[in-house]
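The data below hold one chain only, encoded as structure tokens and taken in the form predicted on its own.
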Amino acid sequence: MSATLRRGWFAVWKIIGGVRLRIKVMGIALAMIALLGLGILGLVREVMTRVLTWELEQRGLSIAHDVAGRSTDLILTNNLYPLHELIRNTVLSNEDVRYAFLLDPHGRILADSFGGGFPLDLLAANVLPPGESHHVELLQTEEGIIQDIAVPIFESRAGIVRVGMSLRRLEATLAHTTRQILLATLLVSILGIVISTGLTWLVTRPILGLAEATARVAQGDLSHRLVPWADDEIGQLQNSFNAMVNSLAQSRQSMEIANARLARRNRELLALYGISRALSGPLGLSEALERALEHVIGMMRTTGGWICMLNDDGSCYICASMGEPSRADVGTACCRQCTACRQAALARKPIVVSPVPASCPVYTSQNDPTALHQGHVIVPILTKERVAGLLNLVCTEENCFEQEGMGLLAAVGRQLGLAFENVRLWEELRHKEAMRGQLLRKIITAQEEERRRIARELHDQTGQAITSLLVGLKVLEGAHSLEQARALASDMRNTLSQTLDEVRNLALELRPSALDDLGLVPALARYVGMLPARFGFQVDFVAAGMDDQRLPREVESTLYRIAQEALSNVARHARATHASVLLERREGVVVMLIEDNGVGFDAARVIDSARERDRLGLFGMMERASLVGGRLTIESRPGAGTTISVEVPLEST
């Protein structure tokens, strides 16, 4: 059913859509006027019918009450002739009274206006209920609708008066009013058609002109313009059309320029792709930057350039150069003295210096002293964390560095920074792998040394003690007196107690039982308490936020071994008089700080040192922290002590 209605609606709309706009507007105006007129007509008829019917009823009640009041004495005195005159005069003097008659209390007719032909059916048509002041009934007769009104005479003790009010005059009034309203509606419709025709012509004329102009634009004619006819929506549409045509004309004029720029951009992207390929190969940093610099110089058509890398202390060194300047020290001097170089590094975006000031070291060409450099651009080489270096380009022509090329140069700077970062990460990975291999070899060596030490201690101390016990037992067997046996037993007990202490100390050095049984805090407290007697310096230990909660076993073992190694380094190298260990559990992490007031050292130099014994201990602590997802940092400088910080994340429970 819905599909049928949809098809029907489409068919109707197709017909409506084919009608011209002027006819549509006139039809809508005529329909609205007709609907308005018919609505007013219906409303007026309804209101007038109610009002006139009510007025007729009130007039009928007034006439009936008047007849009832005037006929009371006549009925009580049984004076019938005046009653007939009263009824006849009432009908004659009131145009709307169709009939009137009087009934006695028993329902017999006393007087009427019918002249002898009283319709008996009229008696039962309107019966006055007892106690009512009046009763009205609408009777459908051959002459039309009659409003029959019944009013009691002397509270119905003298009878009832009935008056019939005709609605003929009311209907005539309504018919006359209806004709006048229809005539007014017709006149207004004619006037509306005339007005809507004029308005439609005014409205559709600029629209038709706009359609014609649009067709001309579609054919490629951009010379036609519209004259706005008013400051309304259509006028705004005409202004928008003119603006659109102007924009199209400008676009056509700039098309060749845009195509030229697109071609140049394509060449730049090809050059950028070549730079990317040059940086993606398995090359060293200097070789990769030289190949990239060659592509950039060819792309920007400059006389030369250089790439200087920045150190942490702000100094720089030339990593790659080509063309101008021919001497590396000139480029280095430029990077150190040029204010624009510092501004580019701080702003992290390319900066163009044009013209080049005479105070700049690259003001004069190295290859041709008569040629002067007119432009110098500095592009920062950006990594994730800092400005790793500066790309410098120079040229001898004016306006050789346009603003449009700065975005490309910024992208080149980011690519060079990416290459630098990749090389740095690769070198760092190689360094870590080498250190990991060295650490593994040291671990294996340390295991073998530890085994030899344990074997030596077992042989030299425990074995000798057991041998001494065996000799003592043999001597005990041949004791001649009880006192001699007791003395030998006391010596053997002392030897056995000493041997037991040595075995216990050996076990504690291998794996402290307190770490497994009680946890990290008691184990560290016990270990720290042993250090003053063993190494001769004071050590403080503070644990905060632990709340008697055990950490994961691998975390406890890692932190304990790091503390052991760090405090052992303090004892061997720091020449400290005081050290402190802080263990704190924070939200989601556990932190351990180990500080001393020793002589300190250059941490960066030692970690980068080629000597294994200088760096493997520190690297081993870093490796232990990384294995549990933590991070270890070392802060130290000569004469200022050392601080080792370990932060290990904890899984949420």
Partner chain sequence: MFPRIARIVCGLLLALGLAVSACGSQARYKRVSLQPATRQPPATTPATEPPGLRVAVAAILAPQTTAHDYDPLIAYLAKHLGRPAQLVQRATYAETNELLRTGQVDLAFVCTGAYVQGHKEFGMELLVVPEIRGKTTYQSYIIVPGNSAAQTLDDLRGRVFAYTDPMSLSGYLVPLFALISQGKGTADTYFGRTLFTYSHENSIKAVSEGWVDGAAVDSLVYDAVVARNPNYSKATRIIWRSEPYGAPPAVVAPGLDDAVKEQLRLLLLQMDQSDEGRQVLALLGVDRFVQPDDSLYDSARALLNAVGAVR
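Positions refer to the first chain, counted from 1. Everything numeric here is computed off the predicted structure, so don't read it as measured data.
There is another form of this protein, the form predicted together with the partner chain, and it is not shown here; the text below is about that form.
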- line: Only hit among W201, Y273, F154, W426 for heavy atom within 4.5 Å of the partner chain in the predicted bound form is F154
- line: If we test each of R534, K384, H480, H106 for a heavy atom within 4.5 Å of the partner chain in the predicted bound form, the one that passes is H106
query: So, in the predicted bound form, is M300 in contact with the partner chain at a 4.5 angstroms heavy atom limit?
result: no
query: Does the partner chain come within 4.5 Å of any heavy atom of E398 in the predicted bound form?
result: no
4.5 Å heavy atom contact, R98 and the partner chain in the predicted bound form: yes
- prompt: Closest heavy atom of L139 to the partner chain in the predicted bound form, within 4.5 Å or not?
  reply: yes
message: For the interface check, one of 201-209, 122-130, 491-499, 254-262 should have non-hydrogen atoms within 4.5 Å of the partner chain in the predicted bound form; which one?
response: 122-130
- request: Just give me the residues of 32-54, first to last, that have a heavy atom within 4.5 Å of the partner chain in the predicted bound form.
  value: L35, L38, G39, G42, R45, E46, T49
